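Heads up, the chain below is alone and in the form predicted on its own; it's given as structure tokens.
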Amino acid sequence: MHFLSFIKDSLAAATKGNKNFHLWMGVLSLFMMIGFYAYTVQLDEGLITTGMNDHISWGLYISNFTFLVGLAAAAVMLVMPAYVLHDVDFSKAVLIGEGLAVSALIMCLCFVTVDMGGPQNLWHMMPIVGIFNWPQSMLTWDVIVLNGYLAINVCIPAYILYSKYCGREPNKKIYVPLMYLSVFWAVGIHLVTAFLLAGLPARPFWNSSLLGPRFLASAFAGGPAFMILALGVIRKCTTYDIPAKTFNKMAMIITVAAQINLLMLGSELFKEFYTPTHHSLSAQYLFFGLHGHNALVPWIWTGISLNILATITLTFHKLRRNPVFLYPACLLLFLGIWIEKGMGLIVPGFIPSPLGEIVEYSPSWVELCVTVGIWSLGLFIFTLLVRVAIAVEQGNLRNPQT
């Protein structure tokens, strides 16, 4: 009975708010409806309505999927200090980080669904019902780790919040082992996604031993960067007090991860261009264009420029501790990594094709609208989860019978 009361009270806490809150949720709902309409067009006419084709079968959808897996994995950068290293400075942000992980994973599953054309094509992803091809297929490993990580990140915050709602301390013997498991699982989901790409020998652009470590470095920079922006909004719009030490320590983590990411980017550029081979054609197309085709060149140089500018800003101690510079730097870094791990990673892997053909790709209006709709859905869910977490943490949401 208490759990039903918890669900009911949580829904009430998540949906009540001031004018700005309802405006924000209304805008997200509008974008979600536009995205749903675009998806019905795709379901009606097929994947021909997207910019993808026989040569480039992964576009904007899988680009966002790859980036969002990293965003979900970044929750470990809050969980590990708070629960493994017992750093109390992260205690007020860890549940919000896990809410971000849940939202990002739901977006990942949505992007996979729309990329497959329709939900009816997902039956092979269901063991016993379809031909799962586990353990041979890396895709099935990805399905297992993503759903497992989603289950862990739903169970832990739900148990902690429910315990506090009932007025009792959460039992560490229950949730701490799951916290340790989530740390290893978070690393696993991003490495498996990287191996999904690196394991395709006909795509030399992805066939790099650095791909997995670079995925982790960019995730541990981009994810906490988004968290700092979210925590900044929460700090300004609510009475939930987040100490400055939390921002400072997260900014330090972001700085180190961003520096390592740039170091590995430099290493990859050296390998591709100092002694270029036929396998360097994709990199040449991405960075400088190939045979007059250069659609991605502005994207990648914009992404790298944003990365470098943000990393330089964060490297300076005084700038990193000043919110006037910290928030813009986090925003630039987030956008730079989104470009780098999205359009700058997935699309050039298909260009040129194994037969040497060059077919360029640009997303259609259907893909753009569906993508905006899924991002709006993720932010909608994240907002609801954050409101419940804050209400419980502040003691505003309690079972009256306890």
Partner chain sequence: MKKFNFRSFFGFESSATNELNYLKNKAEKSSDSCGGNCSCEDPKDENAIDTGALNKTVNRREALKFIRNTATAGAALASSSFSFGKEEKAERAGIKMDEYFKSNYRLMTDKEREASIERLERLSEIDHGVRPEIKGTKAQPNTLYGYAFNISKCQGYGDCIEACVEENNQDRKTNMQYIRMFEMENGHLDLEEGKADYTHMVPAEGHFYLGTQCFQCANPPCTTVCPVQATWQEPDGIVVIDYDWCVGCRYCEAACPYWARRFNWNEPEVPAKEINKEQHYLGNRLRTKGTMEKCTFCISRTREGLQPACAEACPTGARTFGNILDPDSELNYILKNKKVFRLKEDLGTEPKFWYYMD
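Numbering follows the first chain given and starts at 1. Quantities reported herein were computed from a predicted structural model and do not represent experimental measurements.
Here the subject shifts to the form predicted together with its partner chain, a form of this protein not shown in this document.
With the partner omitted from this view, the residue of 203, 235, 271, 321 that lies near its partner chain in the predicted bound form is 203 [heavy atom within 4.5 Å]. With the partner removed from view, the residue among 239, 133, 305, 171 that has a non-hydrogen atom within 4.5 Å of its partner chain in the predicted bound form turns out to be 133.
Note that among 224-232, 309-317, 125-133, 326-334, the stretch whose heavy atoms approach its partner chain to within 4.5 Å in the predicted bound form is 125-133.
By the criterion of a heavy atom within 4.5 Å, residue 58 is counted among the residues contacting its partner chain in the predicted bound form. None of the heavy atoms of residue 368 is located within 4.5 Å of its partner chain in the predicted bound form.
Among residues of the shown chain, residue 281 is one whose heavy atoms approach its partner chain to within 4.5 Å in the predicted bound form. Shown alone here, residue 29 lies farther than 4.5 Å from its partner chain in the predicted bound form, counting heavy atoms only. Shown here without its partner chain, the chain has 350, 352, 354, 355 in 317-355 lying with a heavy atom within 4.5 Å of that partner in the predicted bound form.
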